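Form predicted on its own, single chain, as C-alpha cells, below.
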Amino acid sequence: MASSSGNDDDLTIPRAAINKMIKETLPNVRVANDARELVVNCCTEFIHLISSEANEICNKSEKKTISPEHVIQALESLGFGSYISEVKEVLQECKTVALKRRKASSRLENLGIPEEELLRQQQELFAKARQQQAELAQQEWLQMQQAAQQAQLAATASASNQAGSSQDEEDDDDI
C-alpha cells in the first residue's frame, strides 16, 4: 500500500486480530510470518480501497457521513458484488447487537417504573439523607455542648480545689 504520510503502521489492521482470524479460519494449518504479513497488507489495502470508493460515493450524494449503503455501492462498483449478500447479513447482525446493547444500557427503562415514580423515590431518598445529616449535626452539637460543660465543671472544680487548699494552708498557718 502506498502511503503519502509514511506512517504505514498507523494504517494497518492489528496483527493480533489477523492472527486470530487465521487461526479460527484455518485451525490445522501453519501460516508463515511472511504470509501473515501479506494478509495484513492485503486486508489493509482492501479496506482502504473500499473506504475510498465509499467516500467518493458519499461525496457525490452530498452527504458528510459514509453509510452502510455507500459501502455496499462501493463493493458493487469495484466488482465485489458477490460479497454484498454476506455484507448485508453482517450489517443486520451488527444492528441487532447494537440494539441489544442500547436496550441493556437503558436500565431505567428496563425497571418498568414510571419516571414520575423514580423522581418521587429520589426526592424521598434526598429527604431521608437530609434528615440523617441534620440528626448527625444535632448529635455532634450536643456532644460539643456536653464536652464544653464538662470542661467548665472541671475548671470550676479545679479552681475551687485550689481555693480550698490555699484556705486550708492559711488555716494551718493560724494554728
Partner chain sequence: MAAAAGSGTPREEEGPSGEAAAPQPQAPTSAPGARLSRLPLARVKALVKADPDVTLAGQEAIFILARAAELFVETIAKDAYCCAQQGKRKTLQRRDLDNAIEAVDEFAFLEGTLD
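This one's a predicted model, so the numbers in the text were calculated from it and none came from an experiment. Positions refer to the first chain, counted from 1. Basically, rigid core = biggest C-alpha set you can superpose within 1.5 Å across the two forms.
If you look for the form predicted together with the partner chain, you will not find it shown, but the lines that follow are about it.
Of the heavy atoms in residue 42, some are within 4.5 Å of the partner chain in the predicted bound form.
Using a 4.5 angstroms threshold between heavy atoms, residue 46 counts as touching the partner chain in the predicted bound form. Using a 4.5 Å cutoff between non-hydrogen atoms, residue 101 counts as a contact of the partner chain in the predicted bound form.
Within this chain, residue 50 lines the site of the partner chain in the predicted bound form, having a heavy atom no more than 4.5 Å away. Picking from 114 to 122, 127 to 135, 62 to 70, 142 to 150 the stretch near the partner chain in the predicted bound form, with a 4.5 Å limit on heavy atoms, gives 62 to 70. Taking the partner chain as positioned in the predicted bound form, the residues of 67 to 90 that bring a heavy atom within 4.5 Å of it are, in sequence order, 67, 68, 71, 72, 75, 78, 79, 80, 83, 86, 87, 90. Superposition of the core reveals a Cα shift of 2 Å or more for residue 93 between this form and the one not shown.
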